[in-house]
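In structure tokens, the next block holds one chain alone, the form predicted on its own.
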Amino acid sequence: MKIIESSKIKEKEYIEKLDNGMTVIVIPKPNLDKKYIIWGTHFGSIDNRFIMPKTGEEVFIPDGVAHFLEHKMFEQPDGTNSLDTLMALGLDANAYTTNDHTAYLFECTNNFYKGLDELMDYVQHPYFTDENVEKEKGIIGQEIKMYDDEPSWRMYMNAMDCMYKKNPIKIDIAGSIESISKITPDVLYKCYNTFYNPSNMIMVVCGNFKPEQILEEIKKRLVKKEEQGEIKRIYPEKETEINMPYKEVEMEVSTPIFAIGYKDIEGAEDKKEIVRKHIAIEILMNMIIGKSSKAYKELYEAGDLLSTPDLDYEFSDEYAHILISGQSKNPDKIQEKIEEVVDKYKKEGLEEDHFNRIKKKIYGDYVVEYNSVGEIARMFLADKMKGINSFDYIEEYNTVTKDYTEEVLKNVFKKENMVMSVVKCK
């Protein structure tokens, strides 16, 4: 196994690409009782058009298939549900679907290998019938309706609609009631056989393990499959403009909620450059309106901002954007204040003391993540799906200077790429 070590935080990653193309990552934590495993496939909600590697057939699938498939993987031919089986073993098991991957996981202190048996069995043995697919449509349909009535989700989806015209990130991960009505067992098997090939999958294990030993246990449980080659995914052309600057809806909320976004159209090819840019953006978001910023203090004391806003930078090869979200009786005032602070920093530069303080805070946040087996495993999986090694955030930290961060501010925080989504009170 290849060993990658972060000398700064004294952590090691053992990584091996198996003969079938699957990547296994082990992060040993010998002093922790908890164990965590996550098995992901590089198949998310945006992958709705692709070319099958073996046949060359171009396939269009309905929106929501990746999420639907995740739900169906637990069902077994004997009527049992693998999620229930894992829970009965005392394991904290779950699964989720994002824009770019689907993952199956569990955390435990005991019964790890019994859980591994079940996890590797159900993920490798799909069971789809006309009857169980039709039944699932009703369940997921209810979930879609529930999210349609969730103000924070509507706010987020409207922000995506503001930023993107055709990019599939603006489509709900679960799809729509109309789109899931077109899902059949044949569609699910076609997507399973394409995207659940080991060469498109990554497994991350974190806990008190000997890397070579856990690797052998994983290999024992793998169903023999050949590496199938690269899946060609087809996405709309990259967009250089936002779709619309503002969108609002009225819902049952006690206080209006908002999401202010900046669409990042600059992009970066080099993975280490992407990491540096991400670090710089985290520093900038915190400096502009984070808990220790002057803007936050002013807005909070004036009653315009009710709590610390959430600060996020979401990115992949197909999209990138900043989101600042929170509660405010006057969202326009929050947007004006952010614009004011950004303009000030562009003209006068970043305050050195504040920059250094926030930079240290960000580093502390990165280090704290290594205290949790779950945080570590999920982080390594999500980053690896993007072609990034999680240690790079620690290793590249010192390369992010004030001058570099000011360049990122000028290139990314542009008024013409700014949007706002608001959910107002009825």
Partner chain sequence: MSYKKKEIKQGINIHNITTNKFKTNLYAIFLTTPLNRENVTKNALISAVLRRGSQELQSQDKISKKLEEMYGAVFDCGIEKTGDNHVLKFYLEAISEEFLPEKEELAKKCLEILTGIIFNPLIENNGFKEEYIESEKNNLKQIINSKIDNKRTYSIERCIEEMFKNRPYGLYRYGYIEDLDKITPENLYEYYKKLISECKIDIFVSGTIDEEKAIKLVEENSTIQNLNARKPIFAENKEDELDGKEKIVEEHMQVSQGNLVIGMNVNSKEQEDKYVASIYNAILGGGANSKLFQNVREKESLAYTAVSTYRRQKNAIFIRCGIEIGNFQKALETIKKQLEDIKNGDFTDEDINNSKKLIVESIRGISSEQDTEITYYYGQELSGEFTTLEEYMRKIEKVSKEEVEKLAKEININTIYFLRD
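All values reported here derive from a predicted model rather than from experimental measurement. Residue numbers count along the first chain shown, from 1.
Just so you know, the form predicted in complex with the partner chain exists too; it's not on screen, but the next bit is about it.
Counting only heavy atoms and a 4.5 Å cutoff, which of 270-278, 312-320, 187-195, 138-146 contacts the partner chain in the predicted complex? Looking at the other structure, the answer is 138-146.
Identify, from the list I231, M244, L222, L306, the residue with a heavy atom within 4.5 Å of the partner chain in the predicted complex. None of the others qualify; the residue that does is L306.
Which residue, P151, P236, P126, G349, is the contact with the partner chain in the predicted complex, using a 4.5 Å heavy atom cutoff? Of the candidates P151, P236, P126, G349, P151 is the one lying within 4.5 Å of the partner chain in the predicted complex.
Is the partner chain in the predicted complex close enough to N31, V253 and G364 that every residue in that trio has a heavy atom within 4.5 angstroms of it? Every residue of the spot touches the partner chain in the predicted complex.
If we define contact as a non-hydrogen atom of the residue within 4.5 angstroms of the partner, is K386 a contact of the partner chain in the predicted complex? It does not: once the partner chain is placed as it appears in the predicted complex, K386 has no heavy atom within 4.5 Å of it.
Non-hydrogen atom contact F50 with the partner chain in the predicted complex at 4.5 angstroms: It does not: once the partner chain is placed as it appears in the predicted complex, F50 has no heavy atom within 4.5 Å of it.
Residue-level question: is Q76 within 4.5 Å of the partner chain in the predicted complex, judged on heavy atoms? Although the partner chain is absent here, Q76 would stay clear of it in the predicted complex, with no heavy atoms inside 4.5 Å.
Considering non-hydrogen atoms and a 4.5 Å limit, does the partner chain approach V400 in the predicted complex? No, no contact at 4.5 Å.
In the predicted complex: members of 83-106 within 4.5 Å of the partner chain, any heavy atom: Heavy-atom contacts within 4.5 Å come from L83, D84, M87, A88, L89, G90.
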